[in-house]
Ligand code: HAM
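Below, in structure tokens: the form predicted on its own, a single chain.
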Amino acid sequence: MAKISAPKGTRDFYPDEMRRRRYLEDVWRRVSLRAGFEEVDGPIFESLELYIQKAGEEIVTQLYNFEDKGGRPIAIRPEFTQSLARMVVARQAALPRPIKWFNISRCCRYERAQKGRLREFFQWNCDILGAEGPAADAECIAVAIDALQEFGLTKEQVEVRLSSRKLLSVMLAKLGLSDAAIPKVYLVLDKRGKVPADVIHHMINEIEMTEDQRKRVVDIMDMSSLDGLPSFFGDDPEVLEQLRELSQVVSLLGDDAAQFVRIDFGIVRGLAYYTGPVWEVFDKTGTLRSLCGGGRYDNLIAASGGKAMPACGFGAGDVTMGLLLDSLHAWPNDLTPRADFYVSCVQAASVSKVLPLVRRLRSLGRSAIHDLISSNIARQIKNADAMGVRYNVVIGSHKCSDDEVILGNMRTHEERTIRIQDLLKSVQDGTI
């Protein structure tokens, strides 16, 4: 029989990898709940039309799609945003405002597998709907920063690069760029840092605009702070209004979180539905793809068949975050396999006492495991050590009476004889 491998761009999660995945998900879930987001989920597949509605027919080439047995075009979800929009539209009138939802789900995209991007991945989404103004944008960024800090990351290691689609469009329109030229400028901005400088220069020169416009576009691209607005905009009220909105987002974050943020007009986000502030999180070495990204998308709900509703949110993938924690050796040390207790048995005559004690420990809310393959005591203790358990409980030792066990601390290697009832009482009291 031929050996079959996992499909290209997917991963097997053996126990070690599964613990790391759960750690990422646990941090994301903990941070979301702490910020008052509620968890939601939807089906792993949706009507293909749901995604075409958002991104056009060209999106089909990036999806795993098929016809079901009823002839209906279906796609496995590439992200959760469209499911969220559909769910909001279905109950829009009844949902209390603002809506703060989060989701952690498996997604699939049919694209070239490469470093930081796979065909199957897990994504964390947080979205706020029904809240206008910069406070909701700042809240989303703050939650993402909370997660970064929960992972033990610092402003020296990661940064949030913040921009505004609305401010960019106003500035480019003030320069007199045509409607056809503006999306091309967005594309150039989006490619900065991803392709060589000479390619960027060539792309700019290919855009139909005057030499003066080209120079001023470069000036905008070089902006690195909100204080560096090019002088040729003067006191233009539309530009200043959008600038104030973006400044408010940063100000509302407070000094601690704002230290993670820098202005970068190279952040435009590829999706056309973004309407205001946009941002992405990167590691400062510049070796990885975006760790996280999002922004304001006030038109999405109306475009999905609902009543117009302001919205903003972000998504983060497990692949790049895992690569970053790998590179920084930042995974927690206690992700090794661990149970609280391993109950060992010295004599065959005492085997019948093992599972009842294991069940008592479990009933007290503690994890407990025992030997299932009749290993000798030396092998059992070696197994307990390899599994990273906290305590080894030995039943049937000649040093103990019938109602006693030996309790061994696997970290300090200290041992003591203890009555079973005293052990259980200590476990219940939390002193062991």
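Note that residue numbering begins at 1 and tracks the sequence as displayed. Note that this is a predicted model, so its numbers are computed, not measured.
One more form of this protein should be noted, the form predicted together with the ligand, which is absent from this view; the next part is about it.
S.K.: Taking 4.5 angstroms as the cut-off for heavy atoms, does R117 touch the ligand in the predicted bound form?
M.R.: Taking the distances in the predicted bound form, the answer for R117 is yes, it comes within 4.5 Å of the ligand.
S.K.: At the 4.5 Å heavy atom threshold, is G130 in contact with the ligand in the predicted bound form?
M.R.: So G130 does not count as contacting the ligand.
S.K.: Although the partner isn't part of this model, could you tell me whether W331 comes within 4.5 Å of the ligand in the predicted bound form, counting any heavy atom of the residue?
M.R.: Answer no; every heavy atom of W331 is more than 4.5 Å from the ligand in the predicted bound form.
S.K.: Considering only heavy atoms, tell me if E79 and the ligand come within 4.5 Å of each other in the predicted bound form.
M.R.: Yes.
S.K.: In the predicted bound form, does each of V158, S247 and R262 have a heavy atom within 4.5 Å of the ligand?
M.R.: Answer is no for this spot.
S.K.: Give me the residue from V358, V319, I200, A181 that has a heavy atom within 4.5 Å of the ligand in the predicted bound form.
M.R.: Looking at the other structure, the residue within range turns out to be V319.
S.K.: So the ligand isn't shown here. In the predicted bound form, which residue out of Q213, Q149, S290, T275 has a non-hydrogen atom within 4.5 Å of it?
M.R.: Going through each option in turn, the one that passes is S290.
S.K.: Could you tell me which of 91-99, 310-318, 69-77, 164-172 sits within 4.5 Å of the ligand in the predicted bound form, going by non-hydrogen atoms?
M.R.: Contact-bearing stretch, as computed: 310-318.
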